[in-house]
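Okay, so here's just one chain, in structure tokens, the form predicted on its own.
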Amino acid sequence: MKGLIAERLLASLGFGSRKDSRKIIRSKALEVDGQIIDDPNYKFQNKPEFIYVYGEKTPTIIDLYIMLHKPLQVECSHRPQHHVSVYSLLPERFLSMKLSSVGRLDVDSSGLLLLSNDGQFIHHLESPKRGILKRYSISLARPFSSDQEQALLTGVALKGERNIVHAKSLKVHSPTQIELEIGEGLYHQVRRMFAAVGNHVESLQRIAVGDLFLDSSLSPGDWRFLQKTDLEKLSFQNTKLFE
């Protein structure tokens, strides 16, 4: 990004329009490498790794790839109806950068949620052809039987769905604690699958997407940027991201 103009950089990072960005810069709120930048047309020879806006350290990441530990009672929607939006847990400027969740977790489910503004990345993870699995940790209301296990592995019919769905893998940790992998991302799929075999999900946490597991250092509501190794676990590459 040689010759990058200051106001364009701020706008690309979600600080508003070019006009908004000019106001920020002229108010002397932009600092780079200890230098106050007050000229909106200031040209960076190379994109700085970080900038400070109103004293807040901001990485100059334009392509967003984010891991969030979704809490319970939070909606994966830009227009929540009954609970707070998951996007309220992230910097407001990300909304201007067209951030979206990769699939959803319902309000009664928690765990790993990936978000991005890269349509190619979202399609990569959501496309059934890629075969990227989602892994869940599940607590059941009633003991899990061998017949239920066999039914889930063989496949069950869900109301309103054309195709039979089945667990790609299943681990029984205790009579009521199950770990399950699925390939689809249908509405309330895991809960509906267990209901179809006569059980009931009491709690549900997504713990992995592909080979990428929820970071154990993230408390509910916390988030971090994905690193190169994270993207590799998802079999995705962005050659420009880590130059």
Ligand code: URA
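One-based numbering along the sequence shown. It should be emphasised that the depicted structure is a prediction, and the values quoted were computed from it without experimental measurement.
Beyond the structure shown, there is the form predicted in complex with ligand URA, which is absent from this document and is the topic of what follows.
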Location of ligand URA contact in the predicted bound form, chosen stretch of 98 to 106, 123 to 131, 78 to 86, 162 to 170 [non-hydrogen atom, 4.5 Å]: 98 to 106
Listed residue that, although ligand URA is not shown, lies within 4.5 Å of it in the predicted bound form (heavy atoms), from Ile178, Met67, Leu204, Ile51: Leu204
Arg191, heavy atom within 4.5 angstroms of ligand URA in the predicted bound form: yes
Contact flag, Phe144 vs ligand URA in the predicted bound form, heavy atom cut 4.5 Å: no
